[in-house]
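Read the single chain below, which is given as C-alpha cells and is the form predicted alone.
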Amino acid sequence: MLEYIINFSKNQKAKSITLEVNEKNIPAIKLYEKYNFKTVGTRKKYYNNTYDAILMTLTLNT
C-alpha cells in the first residue's frame, strides 16, 4: 500500500508526502524510515491528549 501511494504521488508530480504517526508506533516508524521518510516535527499530545504525533516527510524525485 505504501509503495502504491509513493508511486501514485510521483505520477501525479507531487513533490513530497507528509504523514503523522503515533510516537509509540515503533513498527510504523521503522517502516517509514525504510522508505526514506525523515522526521520533520512533532505535534505534542496529539493522540488522546497524551502521545505525540511524529511528522515525517518523503521528498519525491519526480
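Small disclaimer: the values here were computed from a predicted structure and weren't measured. In case it trips you up, residue 1 is the first one in the sequence shown, and so on.
Below, we turn to the form predicted in complex with a small molecule, even though it does not appear here.
J.: Even though the small molecule is not shown here, does it sit in the predicted complex so that 6, 10 and 14 each have a heavy atom within 4.5 Å?
T.: No, none of 6, 10 and 14 comes within 4.5 Å of the small molecule in the predicted complex.
J.: Would residue 32 count as touching the small molecule in the predicted complex under a 4.5 Å heavy atom rule?
T.: Residue-level check for residue 32: yes, a contact with the small molecule.
J.: Is residue 52 near the small molecule? Define near as a heavy atom within 4.5 Å, in the predicted complex.
T.: Because no heavy atom of residue 52 falls inside 4.5 Å of the small molecule in the predicted complex, the answer is no.
J.: For residue 20, is any heavy atom within 4.5 Å of the small molecule in the predicted complex, or not?
T.: Because a heavy atom of residue 20 falls inside 4.5 Å of the small molecule in the predicted complex, the answer is yes.
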